[in-house]
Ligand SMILES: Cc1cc2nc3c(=O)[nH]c(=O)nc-3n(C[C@H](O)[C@H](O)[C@H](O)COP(=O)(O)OP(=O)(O)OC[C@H]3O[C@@H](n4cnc5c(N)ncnc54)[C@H](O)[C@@H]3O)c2cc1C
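Only one chain is included here, represented as structure tokens and corresponding to the form predicted alone.
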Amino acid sequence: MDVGIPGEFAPEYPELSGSEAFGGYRSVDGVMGDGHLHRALLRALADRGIPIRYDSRAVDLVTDQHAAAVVGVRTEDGAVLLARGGVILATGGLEADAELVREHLGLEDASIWGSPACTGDGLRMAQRIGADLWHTDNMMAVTGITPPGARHGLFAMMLRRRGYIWADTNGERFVNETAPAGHGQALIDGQYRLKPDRPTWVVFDEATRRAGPISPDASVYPVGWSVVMDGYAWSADNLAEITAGRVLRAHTIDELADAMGVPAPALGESVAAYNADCAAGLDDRFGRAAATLDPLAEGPFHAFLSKPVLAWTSGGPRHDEYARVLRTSQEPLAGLYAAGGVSSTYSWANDGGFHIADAIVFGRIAGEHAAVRARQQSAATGAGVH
């Protein structure tokens, strides 16, 4: 396995202390995405003869009779799997559970970008035995398109032309659309905020439609469930999506507003004001850079409704530097560890790949600590460790 850097990437939050330590993206065999890391990890398990129980969903943590330590897990079918050194939670986030998303993130009807298995099981199991939680209101979401009735959304972005605006459900432009949003958050009005933080209409013109696909396919960006697992390839000219109704199309801005269900005067004023800014080379309301001010000048005009498509969540059971999950008293819950998306050390403003690094680093730390714990317990009882 060759681990390399597929390209040079600057830190996404250069203004933050410590950003100078960012070293770019590492990849497997020089390729990012498309399940390469997953396959490499599966090979490592196979080489060591470590089995995977795909059909054994854990639903509860098993503690000893004094509830002083976690000694195993109980599966959905009632089986109990015991662990000598401890249980390591690596169950991912909560983004695929609508109830937890409403409770912790305040989002309704959110679609997901990644695995449907990230249903918050680790958080629930740990919380039931007294675990403390941290930053469970944190998330990373992308600007996306979700087909009606679909669970998974597609990443949507304009790469080739900037002839578009974002309008709210009142038809009014509300933000600098091109403000850098390092994996979900942007520095807006002095605060790091989810971008966009509300249902948003992306409105663009015919020249932008012709410039290239709104959503990248696997040859450009092999990331996301719909692209990698379902094999969806967005059309190069966006016409298939327009025909399918994923993207609205109208001859005039007023007709487009009617199709969107927003007030036509408000949308018309937003487009006119933006086009005037393009002509002047200055966005004096939202501060969009002059180089990004391509007008919405050529009809027909288009729009799609984007809601935050959840890529991952960051919070969960609080853990210490040894990956040990902590009680609300901040004492370790003996025998219980957490790594990766179930309890990421990163919250807002993290660069791409940080959650993967968190899983690998704290997974290793947890494994080493649990192995030492198993040896100590075996030595105390006179039993061997196998």
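All residue numbers refer to positions in the sequence shown, first residue = 1. These numbers were taken from a predicted model, which means no experiment stands behind them. The term rigid core refers to the most C-alpha atoms you can superpose between the two forms while keeping them within 1.5 Å.
Keep in mind that the form predicted together with this ligand is not shown, yet the notes after this line are about it.
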*Here the chain is shown alone; which of 117, 236, 280, 82 has a heavy atom within 4.5 Å of this ligand in the predicted bound form?*
117
*asked:* Counting any non-hydrogen atom inside 4.5 Å, which residue from 305, 250, 242, 90 sits next to this ligand in the predicted bound form?
replied: 90
_4.5 angstroms heavy atom contact with this ligand in the predicted bound form for residue 35_ = no
*residue 332: touches this ligand in the predicted bound form, heavy atom cutoff 4.5 angstroms*: no
_I'd like to check something about residue 340: if you look in the predicted bound form, is any of its heavy atoms closer than or equal to 4.5 Å to a heavy atom of this ligand?_
yes
*asked:* Test of understanding: in the predicted bound form, would residue 121 fall inside 4.5 Å of this ligand by heavy atoms?
replied: yes
*What stretch, of 305-313, 187-195, 264-272, 170-178, brings heavy atoms to within 4.5 Å of this ligand in the predicted bound form?*
305-313
*For the stretch 21-60, which residues lie within 4.5 Å of this ligand in the predicted bound form by non-hydrogen atom distance?*
25, 56, 57, 58
_residue 327: after superposing the rigid core, is there a C-alpha shift of 2 Å or more between this form and the one not shown?_
no
